[in-house]
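The chain below stands alone and is given as structure tokens, in the form predicted alone.
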Amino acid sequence: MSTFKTVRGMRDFLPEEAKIMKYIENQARQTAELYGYREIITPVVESYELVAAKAGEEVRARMYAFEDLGGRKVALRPEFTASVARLVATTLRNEPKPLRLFCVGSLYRYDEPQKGRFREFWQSNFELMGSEKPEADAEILLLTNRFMKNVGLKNFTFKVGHVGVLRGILSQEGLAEETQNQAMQRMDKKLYDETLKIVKESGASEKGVQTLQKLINLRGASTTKVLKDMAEAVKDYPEAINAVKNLGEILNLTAEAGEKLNVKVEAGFARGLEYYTGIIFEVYVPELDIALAGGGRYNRLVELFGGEPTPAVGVAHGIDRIMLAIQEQKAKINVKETPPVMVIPVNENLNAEALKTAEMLRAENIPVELEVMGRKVSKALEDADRRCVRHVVIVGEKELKEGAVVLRDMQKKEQRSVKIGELAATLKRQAS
């Protein structure tokens, strides 16, 4: 018989990893609560048109798309924002703004599997809908900063850019949106020569090409200097000037909030999704060359899906990538676990009594593992020892007659008789 393996690009998480994943997810939920984001749950399968609308050619080419049995073209969601925008354009259209929405779950892209990049991956997603103010963008940056700190990561950096700067130049140079998208796709992949070739061949002026070239080379950790150089580079492009100002306002607000964000501005930075209209950012740690989080402003997506004009900004945090970063940094995570108590019957006639004792303890919120292998007491104790179980309850005939059981402390190698009615309280005292 052939042995089955996971499908390429998919993976199993064993208990130890699942524990870290759940820890990160819980931190994301706590962050959502701290900032007033309400959780929604959207379907894994969406209509192809919806998720393809503004995904960008790279994502479109890598979607799990198929026809369902009803002949509809559908796809596994490659990201969350389209689903949230659909919801805001329809069911939530009359909700008071701003809307702060949070979701978490698995996403699917047919990427080439490599370190930190799989075909099934997990994200927590935060969207702030209804405000075009820089305070909203600053909130998304600050929220991400807090989340990264809370999961225990160190030395993470925000790479920040602004799509409005690049689009401002390309629009003024008369490039059609489709051509702009192609240029931005190349910039996202750092294929700058190809970008400039597309722009040149689409009829942009020499000045336009040179301005883009300048921006591509503009980057640094001194935000004031980079922003000043950007403003100088785009001085003949009014839309781009406004975008540089907008980026400056957002970064000033985050600095004034008292949180020291480690920011690196890159004027020629672009992201693969076509719906961005303003600030864009990604988060990195020195140990990995993949983004742990990414987001930005998108002001026209809800409208595209038939909703009211709704400015919006959001971020997605890669839960499995953050786990990888935690492992690389050997970060200490604080997962509170209550070790289980093991209940062992002395012989098979006492199985029902052992089960009854286990259920009584569980009703008191004490985790219990019941011996279900029919092992002798000595073997069962060896097993408990191997699995680092601290307390064992032995159910024996002699003790039962007195309404008691034997409680054994595996660390101290001590045991004593305890009345069944006092067992839960005794275990709770010893655990605290």
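No experiment lies behind these values; they were computed from the predicted model shown. One-based numbering along the sequence shown.
Not pictured, yet referred to below: the form predicted together with adenosine monophosphate.
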**OP:** Could you work out which of 321, 77, 100, 167 is the residue within 4.5 angstroms of adenosine monophosphate in the predicted complex, going by heavy atoms?
**Re:** 321
Original post:
Considering adenosine monophosphate in the predicted complex, which of 356, 117, 245, 133 comes within 4.5 Å of it through any heavy atom?
Top reply: 117
Original post:
Which single stretch, out of 285-293, 299-307, 173-181, 201-209, brings residue heavy atoms within 4.5 Å of adenosine monophosphate in the predicted complex?
Top reply: 285-293
Subject >> Non-hydrogen atom contact residue 218 with adenosine monophosphate in the predicted complex at 4.5 angstroms >> reply: no
Original post:
So, in the predicted complex, is residue 186 in contact with adenosine monophosphate at a 4.5 angstroms heavy atom limit?
Top reply: no
Subject >> Contact label in the predicted complex: residue 227 to adenosine monophosphate, heavy atom within 4.5 Å >> reply: no
**OP:** Verify the contact flag for residue 95: yes if a non-hydrogen atom of it lies within 4.5 Å of a non-hydrogen atom of adenosine monophosphate in the predicted complex, no if not.
**Re:** no
